[in-house]
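There is one chain below, alone, in structure tokens, taken in the form predicted on its own.
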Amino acid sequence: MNSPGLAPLIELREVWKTYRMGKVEVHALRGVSLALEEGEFLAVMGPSGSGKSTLMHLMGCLDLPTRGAILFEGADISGLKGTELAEIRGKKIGFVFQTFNLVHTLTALENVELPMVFQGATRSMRRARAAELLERLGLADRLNHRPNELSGGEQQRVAIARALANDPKLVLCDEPTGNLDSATGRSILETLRSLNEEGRTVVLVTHDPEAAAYAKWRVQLRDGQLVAAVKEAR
């Protein structure tokens, strides 16, 4: 939670995202306003085509709005260049995807090291940090296993460790339990909740109400608009 007077970690102000399909304009987001403080656990819900993934891409500095403004730590990022957005992503945002997106030729340890390579960390620093994260997530005996030697749940834990590698301010999770069985999915959601309880800001994009129930704050998207919000009392 931010101290009084500090800007939200990320804020969307009347954000629109419009795609052109031939002569047709598709409004993926329509005037969305949202302010996320540090330490929040937000679930973004909605059916397919509601704008969930578009919202995640904008919050993750993977795309820019057609109209409106996006502020990250109080600074307007809406007009930044691709290299400037990439710098924010690399240092301040971690991503967890439904399909894990691990590099199959690398070990678990090497996969977690990868984001740190791009930030210039030394080999010894990378190794120590990656091993610490994997051990923390219960994978101490899987450091040198490649993804095809790991279960789905283990692969997702490697992906979470990789997302945490550069100690990001924000962790964005796009349907992280979508390819997992129910029990494994619950374990991953418990991990995300634990990270949030330690102070990490987490955004969970999901269509599953049971998954969304792990979050402290839930918003509903429909046809590119925020139509409902429920926030637990602190």
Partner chain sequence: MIKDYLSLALRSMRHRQKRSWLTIIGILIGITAVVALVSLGQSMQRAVNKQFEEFGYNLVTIYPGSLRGGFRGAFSATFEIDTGLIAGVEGVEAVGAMLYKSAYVKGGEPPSQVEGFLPVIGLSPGIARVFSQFKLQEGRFFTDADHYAAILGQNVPKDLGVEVGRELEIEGQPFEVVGLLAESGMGDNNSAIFIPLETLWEILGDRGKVSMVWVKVGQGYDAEGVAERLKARLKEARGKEDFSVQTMKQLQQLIGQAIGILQAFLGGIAGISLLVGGIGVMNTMYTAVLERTREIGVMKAVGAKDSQVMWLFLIESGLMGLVGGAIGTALGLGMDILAVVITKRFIQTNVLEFGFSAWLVFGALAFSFVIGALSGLLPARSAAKLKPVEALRYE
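Predicted model only: the values in this text are computed from it and were never measured. Numbering follows the first chain given and starts at 1.
Just so it is clear, the following notes concern the form predicted in complex with the partner chain, a form of the same protein that is not shown.
Can you say which of 149 to 157, 71 to 79, 129 to 137, 113 to 121 gets within 4.5 Å of the partner chain in the predicted complex, counting heavy atoms only? The contacting stretch is 113 to 121.
Does the partner chain come within 4.5 Å of any heavy atom of residue 143 in the predicted complex? Close contact is absent here: in the predicted complex, residue 143 is far from the partner chain, nothing within 4.5 Å, heavy atoms only.
4.5 angstroms heavy atom contact with the partner chain in the predicted complex for residue 63: Looking in the predicted complex, residue contacts with the partner chain include residue 63, since a heavy atom lies within 4.5 Å.
My question is simply whether residue 27 lines the interface with the partner chain in the predicted complex - judged by any non-hydrogen atom within 4.5 Å. Outside the cut-off, so no.
With the partner left out here, check for me: in the predicted complex, does some heavy atom of residue 193 sit within 4.5 Å of the partner chain? Because no heavy atom of residue 193 falls inside 4.5 Å of the partner chain in the predicted complex, the answer is no.
Looking at the partner chain in the predicted complex, is some heavy atom of each of 171, 209 and 213 within 4.5 Å of it? No residue of the spot touches the partner chain in the predicted complex.
At a 4.5 angstroms cut-off on non-hydrogen atoms, which residues of 70 to 97 are near the partner chain in the predicted complex? List them in order. If the 4.5 Å heavy-atom criterion is applied to the partner chain in the predicted complex, 70 to 97 yields 83, 86, 87, 89, 90, 95, 97.
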